[in-house]
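This document starts with one chain, in the form predicted on its own, laid out as structure tokens.
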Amino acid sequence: MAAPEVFTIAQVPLTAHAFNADRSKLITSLNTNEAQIYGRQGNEWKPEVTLSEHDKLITSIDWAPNSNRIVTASQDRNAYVWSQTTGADGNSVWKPTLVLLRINRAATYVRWSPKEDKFAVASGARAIAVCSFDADNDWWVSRLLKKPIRSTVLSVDWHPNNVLLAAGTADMKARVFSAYIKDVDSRPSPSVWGEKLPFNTICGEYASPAGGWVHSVAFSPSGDVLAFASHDSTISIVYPGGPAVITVRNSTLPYVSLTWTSEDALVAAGHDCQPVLFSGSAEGWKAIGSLDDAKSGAPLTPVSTGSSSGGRFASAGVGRLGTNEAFARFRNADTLGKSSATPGSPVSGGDSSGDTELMTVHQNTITSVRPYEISANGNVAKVSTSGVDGKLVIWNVSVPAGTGGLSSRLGGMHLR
């Protein structure tokens, strides 16, 4: 497999990241109340513009590819829509537009709808603000999805029909709502999620298998399947037409972000510091392997197995961090409260300071995984990840079979 592209953006955590349509620009928040726009120059990302309007930490960012508008959400309970205009001096400037969120707790997550005429802001106020533009007043107004949410909303994702909205919450539930706004949306066609969809209709509610926060939710490309990642180290796949919920139990640390790469495959990442590929169908799902392979062509690491809900199949956790010798030594030393690593060992990172270097590209939690490149057949060929270690990494997901990369190691499985 081709090596991933690794960029060290900063020495501080990257809270969130997003790209413009042609991937020539990157926006990220360096764990502050400002958002930085970078331009790619060769193999480097150079800072170009700083967006300063928020008073507190920016929690989430999204960049609309067609309208070229950026939306930022923050702990200051506000969101801003940024539009690129020409200033009085003839230079390009980013102008913020006010958003009336009507929430009394931090905004935690934000995503544009597919048609880019709405966006959804998750919050700690046990509500989701669905925002649309009011041309008369030149601002964005919101309607709130509240019932039956009982805790902080951690993530949202839009259905391809621009109406349905999935949400993952700290009350250990993943839900599908109708975010239909009469003056904005056309009437949606019937789907597996329902036919009549007035605002705030609950189209589905699914519990975390072992009672963990639902960190991330995502619709499949068709919108007919929902995936969500929970803090109990599970990935759940919902087929509402079944109805069936397939749970993949992993022996790794929890995932906090996921994205679909095709109708039968997705990539998840989180506290285990590496993106993991999952594949399956209504008959069953399993973890295939990690995209973070230190040796090109090396076999996937054998791991212990867990059972899926209903006992229909066995699922293999990846667990590279939990099975390699270096991590085992670090874990044992951490239990004793001291470092037993020797100078020059992989654990010590080449010195006697006791610092730990993981056997993965990311050296800390991955905070976000997003599609980066779409192949000719419409599937995701590359994904990007950002993490607490300040790195941005672009990973190859689909590579030709027989090249010694991931595809050749999946036992002949065809990644569509």
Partner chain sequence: MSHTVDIPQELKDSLRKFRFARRSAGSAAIIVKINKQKLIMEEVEQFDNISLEDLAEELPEMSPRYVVLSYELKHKDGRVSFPLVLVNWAPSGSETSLLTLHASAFIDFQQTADVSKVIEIRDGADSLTKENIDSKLGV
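Everything numeric in this text was worked out from a predicted model, so none of it was measured. Residue numbers count along the first chain shown, from 1.
Just so it is clear, the following notes concern the form predicted in complex with its partner chain, a form of the same protein that is not shown.
Just give me the single entry in Lys286, Arg102, Arg105, Lys115 that has a non-hydrogen atom within 4.5 angstroms of its partner chain in the predicted complex. Among Lys286, Arg102, Arg105, Lys115, a heavy atom within 4.5 Å of its partner chain in the predicted complex occurs only for Arg102.
Counting non-hydrogen atoms within 4.5 angstroms of its partner chain in the predicted complex, say which of Ser222, Asn137, Asn91, Ser189 makes the cut. None of the other options qualify; the answer is Asn137.
Check Val141 for me: does it contact its partner chain in the predicted complex (non-hydrogen atoms, 4.5 angstroms)? Output for Val141 is yes: heavy atoms within 4.5 Å of its partner chain.
Is there a non-hydrogen atom of Lys182 within 4.5 angstroms of a non-hydrogen atom of its partner chain in the predicted complex? Lys182: contacts its partner chain in the predicted complex.
For the interface check, one of 242-250, 142-150, 118-126, 205-213 should have non-hydrogen atoms within 4.5 Å of its partner chain in the predicted complex; which one? Contact criterion met by 142-150 only.
Quick one: name the residues from 254-283 with any non-hydrogen atom within 4.5 angstroms of its partner chain in the predicted complex. Stretch hits: zero.
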